[in-house]
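Two forms of a single protein chain come next, each set out by itself as structure tokens; they are called structure 1 and structure 2.
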Structure 1
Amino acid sequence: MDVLGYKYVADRGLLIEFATEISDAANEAVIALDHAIGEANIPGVVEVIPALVNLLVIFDPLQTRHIDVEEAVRKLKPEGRDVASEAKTHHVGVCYEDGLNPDLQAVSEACDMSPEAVIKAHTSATYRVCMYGFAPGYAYLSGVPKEIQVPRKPKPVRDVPAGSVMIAGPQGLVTTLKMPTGWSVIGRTAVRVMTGNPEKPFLFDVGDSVKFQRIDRETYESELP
């Protein structure tokens, strides 16, 4: 996918846009360019932040300029890069039992499916990490099956615990903090996306795949940190 445009942000940022609407193709192009920039060692670049349809390149303005970073990025050729082959697949155990699934029944009713069918659909899909955002460790996942896509709630619910597995529209998420949310919580996992390791603070890399596997309460409790 071709770049839609380059925008200069403040005195130290270059925003590279691939699309104005969310799509897997646009996000795959973002991830491919993110990897290419990371390997290019462009002088002055200090961080690259990929999002759903664009990415922000942050640089040291004492070392380089917007135009120099843009020219270096334009020379990269990430189009033929096989992002999927570079990605890892993470298997995340989820307990969907009562007390850990506050919105499972509501989702099943909204989708005219049984709770078991919702769980089966959720665990049958392969999700892709599209970006991190909103809160530390919040990895936005694409790939929620159409049959269980439900809109956000009209009002957020307070104190949703860390490890909640939730969905909203075509996206999924595993929470890392106790926070309010308007997404539908259908299960809980003991897996922690925030690793505590400064060398690799997040379990998933952007572009990685995630598969959810059903576990019982005993297994879930045994895996809690």
Structure 2
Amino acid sequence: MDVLGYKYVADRGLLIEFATEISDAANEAVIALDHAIGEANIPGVVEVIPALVNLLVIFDPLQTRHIDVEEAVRKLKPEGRDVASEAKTHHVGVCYEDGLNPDLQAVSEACDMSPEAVIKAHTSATYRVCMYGFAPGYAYLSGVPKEIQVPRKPKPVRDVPAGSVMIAGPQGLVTTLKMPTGWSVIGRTAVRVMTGNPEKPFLFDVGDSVKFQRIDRETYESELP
């Protein structure tokens, strides 16, 4: 996918856009370019924020300027990259049992499916980490199957615990903090996206794949950190 445009942000940002609408192709192009920039060691570049359809390259304005970063990025050849083969697949165990699944019943009613069928759909899909945002470690996952896509709740629910596995529209998420949310919580995991490991503080890289696996309560409790 070709770059749609390069936008200069403040004194320190280059926003590179691939599309104005969300698509897998646009996100894959973002991830390919993100990987290419990561390897290129462009002078003055401090960090990159990949998002759904665009990415922001943040640089030190005392060392470089927008046009120099743009020219360095234009020289990269991300098209040939096989993003899928660069991605890791993470298997995340989820307990969908009562007490940990506050919205499973509501989702099943909204989708006119049994709770079992909702769980089956949720565990059958492969999700992609398409960006982080909102709060530390909040990895937005694309790929929620059409049949269990439900809108956000009109009012957020407070104090949803860390490890909640939730969905809203085409997106999924595993929470890392106790926070309010309007998403539907259908299960809980003992896996922590913020690992606490200084070598790899965040479990997923943008572009990685995630698969959910059903676990029972006993397994969930034994895996709790």
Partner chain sequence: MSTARFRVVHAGPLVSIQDAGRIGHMRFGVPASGPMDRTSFAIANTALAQPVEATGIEVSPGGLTLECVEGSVTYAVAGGGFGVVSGGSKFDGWTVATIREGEKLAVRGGSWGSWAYLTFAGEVVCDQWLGSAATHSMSGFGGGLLQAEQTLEVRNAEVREGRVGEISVPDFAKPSDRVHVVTGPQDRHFEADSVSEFFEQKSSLTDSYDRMGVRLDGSKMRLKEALSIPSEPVLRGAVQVSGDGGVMVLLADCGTTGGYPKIATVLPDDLDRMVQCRPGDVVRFVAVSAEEAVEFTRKKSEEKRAWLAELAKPRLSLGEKLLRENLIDGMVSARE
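Just so we're on the same page, rigid core means the largest C-alpha set that superposes within 1.5 Å between forms. Here the structure is a predicted model, which means the values were calculated and not measured. When a residue number appears, read it as a position in the sequence of structure 1, where counting begins at 1.
- Taken from the form predicted together with the partner chain is structure 2; the remaining one is not.
- Comparing the forms between structures 1 and 2, the C-alpha position of E39 differs by less than 2 angstroms, with the core used for superposition.
- After superposing the rigid core, the C-alpha of P180 moves by less than 2 Å between structures 1 and 2.
- With the core held fixed, D159 shows a CA shift below 2 Å between structures 1 and 2.
- The shift recorded for the CA atom of P198 between structures 1 and 2 is 3.4 Å, with superposition on the rigid core.
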